[in-house]
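One chain follows as structure tokens, the form predicted alone.
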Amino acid sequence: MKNTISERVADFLKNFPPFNALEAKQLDLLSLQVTIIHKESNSLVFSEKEEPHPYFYVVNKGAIALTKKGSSQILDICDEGDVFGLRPLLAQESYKLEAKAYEETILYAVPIKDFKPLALENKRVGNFLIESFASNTRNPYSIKHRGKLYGITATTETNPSSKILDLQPVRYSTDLVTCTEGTKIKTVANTMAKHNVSSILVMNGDLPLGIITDKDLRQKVATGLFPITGNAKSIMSSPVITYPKELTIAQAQMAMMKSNISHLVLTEDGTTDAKAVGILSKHDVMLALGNNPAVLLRAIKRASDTKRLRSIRHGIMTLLQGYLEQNIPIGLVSKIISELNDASTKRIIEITLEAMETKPPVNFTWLTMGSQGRGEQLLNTDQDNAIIFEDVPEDKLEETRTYFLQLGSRISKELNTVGFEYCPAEMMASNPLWCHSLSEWKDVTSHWINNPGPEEILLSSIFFDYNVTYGSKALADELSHSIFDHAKRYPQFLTHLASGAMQNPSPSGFFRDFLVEQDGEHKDFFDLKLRALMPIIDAARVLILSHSIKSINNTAERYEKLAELEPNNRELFLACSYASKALLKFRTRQGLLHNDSGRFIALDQLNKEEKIKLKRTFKTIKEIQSLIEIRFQVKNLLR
């Protein structure tokens, strides 16, 4: 008669090292000796310095946390298929760490007396154990874990597949700003300022005669060596140094260093006797390398059109990719990328305002909302924005609104050109519902707070994460005060907002199995945004609003502030901060890998380590949802 329990044990173990190296008959015999142990959450498996048990353990379901005694810091988590407690048995030493059930867990206890002979007989199993000792890891076949058993050593890995950027063709400006030898120096300076460029070519027809740079104006004119009434010929550098347009980044760098210059003129054949086709600055070369946020920020501020900004966006994505490969903390990464995103949006607004037929009739504020408002938009996702304009007399209101709707429409179009997709729900300043005077916005938000239906809660959850990207901060501050005042007068609103935060589906089922989409375009995919990120984000929003804290929009920073405000919940809030950053980093990596938003994850394409990292956040999500359910009495609302 078959032992179905041992069959299930063998069927599980055969998928994980070192058991996958055993012959089928060996594994069947070993599985007969395995004991199945159930552990409640936080129950002890073994303690530090305890004598080793006669068996080691394999996690079947759940997770085991490894810690140093007396420390709350988790050094490692063993997940499905992980082996732990084996090294002390083989080394004949006491346990070095304490092992506790991180959640409800089922373990397979494998007797060392039955396993050891198999290890001696099977060379592959023996090699696995030898490698384990040498590499200080549970799974020596995982290169990422070599020397990092406890997962607390940060390393920088080299990506051999990364492109050798300095051998790539360099991008150069084809929009030449030119003058003639007889052009007055004052006109030259005004032309350079108007086009926001650092150099101007002095031309004779299509042929370059010389070049004038910012440096020339500073050193030759501003110092008084040449009068501003003089002509271009008197201060230009001539002859110009020219190169062919098929130039690599490395060649451009070498050329500039060799001649100690900051600009190269590119011609059809690389000589001064051919037509000028472009100009290249040292700034362009640095930008092409894509590894310097300060350079990118200067490039954004100097961009004269959205076409240029779109090319800079590629540099920002390259920078983001590099940061992730170097394992730079995601908190720092999100701050840098958010600053660059905000700078890009601000520059688009400035360019659009310059192109408007008339100036704005009153002061206004451009708000970015959603993920960009929270400083969490690392990928090119859709845009969420709004306009607040100063109050005007009733007879001027519609005329003023028409102006700002036109402005909002143009800005949204340019944002789309740069790479920020249109919002599918049209939550953009081009929509009359998202373009109001200050008084109107106060009325709109007070209506949301006083009449919190499902739609009002959804709109609130998006709008209350706003950030001032351009214009008068005073308008946004006044609106914030109005929102907090109404929220205090109608505390039931927070209960409705908390209820909305509870609507997102759970990320996992029994024993932490991923809950995936059951139908539609993304059937069998895991919705990272809806099931994991949004519950963490929504909980942070309602909690921070309950404390009337403004100007902290980032989810991780909200939890860190909450940890200060509520010391009794400090551990949970810091865990939420960590989880929000871990999920954001995971989504960003997935988005860059698959060139999409990173929202829907194909679980069969994740390795075991990635699945473990995801699952570690699920317990935190459930705990924070439980807290807001109790605090805001959500169940009473549903009765």
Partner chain sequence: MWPFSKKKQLEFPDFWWAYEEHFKHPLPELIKDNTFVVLDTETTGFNLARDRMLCIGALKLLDNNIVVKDSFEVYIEQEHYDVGSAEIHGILKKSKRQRTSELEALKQFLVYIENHVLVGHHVLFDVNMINAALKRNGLPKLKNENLDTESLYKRTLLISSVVQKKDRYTLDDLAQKFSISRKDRHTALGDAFITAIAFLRTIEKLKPKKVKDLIRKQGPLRFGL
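What you see is a predicted model; the values in this text were computed from it and never measured. In this text, the rigid core denotes the largest set of C-alpha atoms whose superposition between the two forms falls within 1.5 Å. Numbering follows the first chain given and starts at 1.
One more form of this protein exists, namely the form predicted in complex with its partner chain; it is left out here, but the text below deals with it.
Among heavy atoms of Lys61, some come within 4.5 Å of its partner chain in the predicted bound form. In the predicted bound form, its partner chain sits beyond 4.5 Å of every heavy atom of Glu50.
At a distance threshold of 4.5 angstroms between non-hydrogen atoms, Ser6 is in contact with its partner chain in the predicted bound form. With a 4.5 Å cutoff on heavy atoms, Val34 counts as touching its partner chain in the predicted bound form.
Annotation: in the predicted bound form, residues Asp11, His38 and Leu459 each come within 4.5 Å of its partner chain through at least one heavy atom. Only one listed stretch (333 to 341, 450 to 458, 469 to 477, 564 to 572) carries heavy atoms within 4.5 Å of its partner chain in the predicted bound form, and that stretch is 450 to 458. Interface residue among Ile235, Ile106, Ala274, Val277 relative to its partner chain in the predicted bound form, by the heavy atom within 4.5 Å criterion: Ile106.
Shown without its partner, this chain lists Leu309, Leu533, Met428, Val265 as candidates; in the predicted bound form, only Met428 has a non-hydrogen atom within 4.5 angstroms of its partner chain. Heavy atoms closer than or equal to 4.5 Å to its partner chain in the predicted bound form belong, across 313 to 336, to no residue whatsoever. With a cut-off of 2 Å and the rigid core superposed, His594 has a Cα displacement that falls short of the cut-off between this form and the one not shown. Core-aligned CA deviation for Gln605 between this form and the one not shown: less than 2 Å.
Residue displacement note: Glu571 has its CA displaced by under 2 Å between this form and the one not shown (rigid core superposed). In comparison with the shown form, the Cα-Cα distance of Glu103 and Gln590 decreases by at least 3 angstroms in the predicted bound form.
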